[in-house]
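Below, in structure tokens: the form predicted alone, a single chain.
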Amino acid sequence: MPSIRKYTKDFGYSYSFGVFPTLELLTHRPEHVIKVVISPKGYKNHGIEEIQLLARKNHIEIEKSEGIVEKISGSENTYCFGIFKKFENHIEKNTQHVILVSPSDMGNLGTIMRTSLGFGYKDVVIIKPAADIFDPRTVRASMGSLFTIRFQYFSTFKDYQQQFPEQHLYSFMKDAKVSLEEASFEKPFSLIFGNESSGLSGEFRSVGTSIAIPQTKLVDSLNLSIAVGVGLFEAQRKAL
């Protein structure tokens, strides 16, 4: 049994802070759950009842402790968390991929996973160096989508290309060749987005079709998770 302490990246386990992320964990990845910790303050929450039922059904230990929940989550409004073993995952061929090149913000990464799943994209590619997909901040921002999507890290974009040569590539950049309003998308496709601060490097202009999201000059750029949401919606709507 792992000790319950503040998360660090070298752990072989992580935490799902909050009722809904923990429900998603127990629903989709019960085989990876080590323990569920519940605060007595949460017993009026209907979701806590569901968590206890799922935990008992899957023979998962339940620990009751208000102090541990608040200490580890850092929040008085967190009623429970699951402790789960990290797991490997792999994306599938001939599906639509969301590619994130060196995302650095845990919250953005989690939000993008949730947005991707909301638009029906289940395969997320992450090019290193990148944020930790198992960081509890990522897990919470994803609202448990981590436990449903398929994800895979690659050391370089070329490594990804070599493994998935059949994909039609679309790179989202400010100074792109084609406006999103005029773009069309051929399946199976991959939508490529860059880092929060620097975007994609210039070399991506020659990777497939580069696409620009129209915006006013009143802002320098869109937030990454917003840009991804816009791109996913339009690609889904226009896909051939």
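When you see a residue number, it is the position in the sequence shown, counting from 1. These figures come from a predicted structure and were not determined experimentally.
The following text describes the form predicted in complex with another copy of the chain, which does not appear among the structures shown.
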Check your understanding: Closest heavy atom of residue 102 to another copy of the chain in the predicted bound form, within 4.5 Å or not?
Key -> no
Check your understanding: Quick one: does residue 20 come within 4.5 Å of another copy of the chain in the predicted bound form, counting heavy atoms only?
Key -> yes
Check your understanding: With the cut-off set at 4.5 Å between non-hydrogen atoms, does residue 119 touch another copy of the chain in the predicted bound form?
Key -> yes
Check your understanding: If you check in the predicted bound form, is residue 214 within 4.5 Å of another copy of the chain, heavy atoms only?
Key -> yes
Exercise for review: Could you tell me which of 111-119, 74-82, 89-97, 125-133 sits within 4.5 Å of another copy of the chain in the predicted bound form, going by non-hydrogen atoms?
Suggested key: 111-119
Check your understanding: another copy of the chain in the predicted bound form: within 4.5 Å of a heavy atom of each of 145, 230 and 234?
Key -> yes
Review point. Even though the chain is shown alone, can you say which residues of 198-232 have a heavy atom within 4.5 Å of another copy of the chain in the predicted bound form?
Key: 213, 214, 215, 216, 218, 219, 220, 221, 222, 223, 225, 226, 229, 230
